[in-house]
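The chain that follows stands alone, in the form predicted alone, written as structure tokens.
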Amino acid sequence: MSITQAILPVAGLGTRFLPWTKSVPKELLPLGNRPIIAHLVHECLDQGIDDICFVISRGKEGIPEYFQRHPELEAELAGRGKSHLLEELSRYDNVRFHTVYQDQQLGDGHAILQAKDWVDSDYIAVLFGDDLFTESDSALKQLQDALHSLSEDEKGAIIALENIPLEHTPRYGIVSVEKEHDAKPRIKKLNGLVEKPKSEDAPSTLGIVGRYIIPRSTVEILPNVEGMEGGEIRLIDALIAQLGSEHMYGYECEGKRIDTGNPEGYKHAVNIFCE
């Protein structure tokens, strides 16, 4: 099974980084010599995924523009003999980038729904921009390897997991585990998911952390998922609705996760990526 498409929902307003994000999308903040969003794109490219859809809000056009060709700049770099920089820029030449807009902030499922007409593969990767992982194998690679290790009749959705402190469960989607894979205990067969439960109600301490591989059927049922109060459509609700019809797995990722979605986490990420 080859995964060639990825959705990157990056329409959030970045309010925790105001006033910086009045003019610069949070995803374009630098980590090393690349912005945050480029780390996600490279995570896809390293796995052979070259069909990428950005879900953005109005005013965040700088995200897809970052990956567009710039002939004048390329000519200037060539004239100066900056071949190493040209090589970096050319990595995007054969990538199919697509952009859709999320004009209302109605949940992560609503963001993915904006890309519904673009999806044409059996499985799609979904990468949320706040979570980055420091393991040499990216979280997406770990999920893809785990999915490939399952037999064809076992395959289904697979979600990145992290074992979190019990008191943090009200911040995460939490899974309940039916069983662990016999040969690879990091792969968990799931029998339940719940969004941000109170600590005393949490079925486990395994939290969902920003990477998914989902079947196309999950995207297709999003219009039928009953929204929360306020009209939000959540990806977790679509996955819950499929528990009886699709296999559902979690993978407890190796490596340290960094949350770049807040200034303190971003500061920590800068220290790591700039070492």
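Numbers follow the displayed sequence, beginning with 1. This one's a predicted model, so the numbers in the text were calculated from it and none came from an experiment.
The next section is about a form of this same protein that is not shown, the form predicted in complex with a small molecule.
Listed residues 105, 191, 134, 163 were compared with the small molecule in the model of the complex; 105 is the one with a heavy atom within 4.5 Å.
None of the heavy atoms of residue 265 is located within 4.5 Å of the small molecule in the model of the complex. Using a 4.5 Å cutoff between non-hydrogen atoms, residue 253 does not count as a contact of the small molecule in the model of the complex. In the model of the complex, no heavy atom of residue 43 sits within 4.5 Å of the small molecule. Although the partner is absent from this view, residue 16 contacts the small molecule in the model of the complex, with a non-hydrogen atom inside 4.5 angstroms. Contact check for 11, 27 and 129: all three have a heavy atom within 4.5 Å of the small molecule in the model of the complex. Remark: of stretches 183-191, 83-91, 107-115, 142-150, the one touching the small molecule in the model of the complex is 107-115 (heavy atom within 4.5 Å).
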